[in-house]
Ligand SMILES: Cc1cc2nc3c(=O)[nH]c(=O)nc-3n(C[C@H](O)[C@H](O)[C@H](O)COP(=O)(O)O)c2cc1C
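Next up: a single chain in structure tokens, the form predicted on its own.
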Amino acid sequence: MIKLLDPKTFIAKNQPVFVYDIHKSWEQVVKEGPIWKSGKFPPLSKEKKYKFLGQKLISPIAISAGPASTKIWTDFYFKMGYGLVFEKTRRTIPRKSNTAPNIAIVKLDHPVTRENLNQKLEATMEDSDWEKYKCMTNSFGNPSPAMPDWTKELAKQRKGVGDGQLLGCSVTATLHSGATMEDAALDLLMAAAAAAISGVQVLEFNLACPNVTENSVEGEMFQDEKLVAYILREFKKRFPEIPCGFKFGVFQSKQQMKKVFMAAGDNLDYVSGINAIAMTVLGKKGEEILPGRRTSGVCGKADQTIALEHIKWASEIRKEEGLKYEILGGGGIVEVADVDRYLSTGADMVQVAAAALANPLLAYKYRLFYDKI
């Protein structure tokens, strides 16, 4: 039996707060890889105790489509022991990231409710403030390499997948002014097919990014039940063996969520949400903390109340309507204890993003302290 060591064993004394340098551009960080000073990784579990999308996994925690990009990042999180790692959202055409910095720490230490979604939040670029607030804002804009490049990379990333782990890929559409939902559907399916052919094991349509500056419609595609139903149906016709689902944002009501989920029907293998919550985030003096964006996606502790509400709704709808989808719950998981809270609310598996940048050992800590199976 493998002896599980104290998590501190794997952390260097000079380890920064984040494995992601929030002061650099996305392009720089992706190229340089995670900042993990010790170079040490916990032993991977030999037991596949968990199940998601018909696969037995070593952990009920996934890395959502955000922190991991390219093989150097997905390999890092596979070595950390996560059950499912998503490659960051990809496009059919290349797109640069939004102007750096892309991450700031939000000075808010409690969850946001629907009643205060319109409030203005204050943020700082002090990494150490994460420990106090456990809340951040991010605005990358779903940057992407050219499709020939990321598809070749994806095929290589499969080699880093261990026993009891899965590699996922998120794709989105690139919609410029005047684009129609028909344009969106075509672009989404082109990207999804490319990912499928390249060997991805789980496909996710990212229909809910709040940080795209060219066309805000990109972040609201999850609300279009006809689009959701069409892309899932057409993808499953061509790749019936690859589980697919979509990432959603903040629904205004359970009824609205139900309409979309029911339209998808049996072609929907899983739902993924919530994404970051779009809010106004500024510096101490009211200046733009992220250049050119007064609104950005807030994640971390702030998301907990609304995220749990959505998981509860999704679980209820599944039971009420006899649907078969599984729930990949996320938004606001910042401590190990949060994992069971989300699972008990109805999620079949949970996902982390912000927490994975500050606490990459979270999957190991769950295995060490909370694994009761």
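Numbers follow the displayed sequence, beginning with 1. Small disclaimer: the values here were computed from a predicted structure and weren't measured.
What comes next is about the form predicted together with the ligand, which does not appear here.
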query: Candidate stretches 255 to 263, 119 to 127, 144 to 152, 85 to 93 - the one whose heavy atoms come within 4.5 Å of the ligand in the predicted complex; finding: 85 to 93
query: Residue contact check: residue 168 to the ligand in the predicted complex, 4.5 Å heavy atom; finding: no
query: Distance check, residue 358 to the ligand in the predicted complex, heavy atom within 4.5 Å; finding: no
query: Contact label in the predicted complex: residue 74 to the ligand, heavy atom within 4.5 Å; finding: no
query: The ligand contact at residue 274 in the predicted complex, heavy atom, 4.5 Å; finding: yes
query: The ligand in the predicted complex - contacting residues of 129 to 147, heavy atom within 4.5 Å; finding: 136, 138, 140, 142
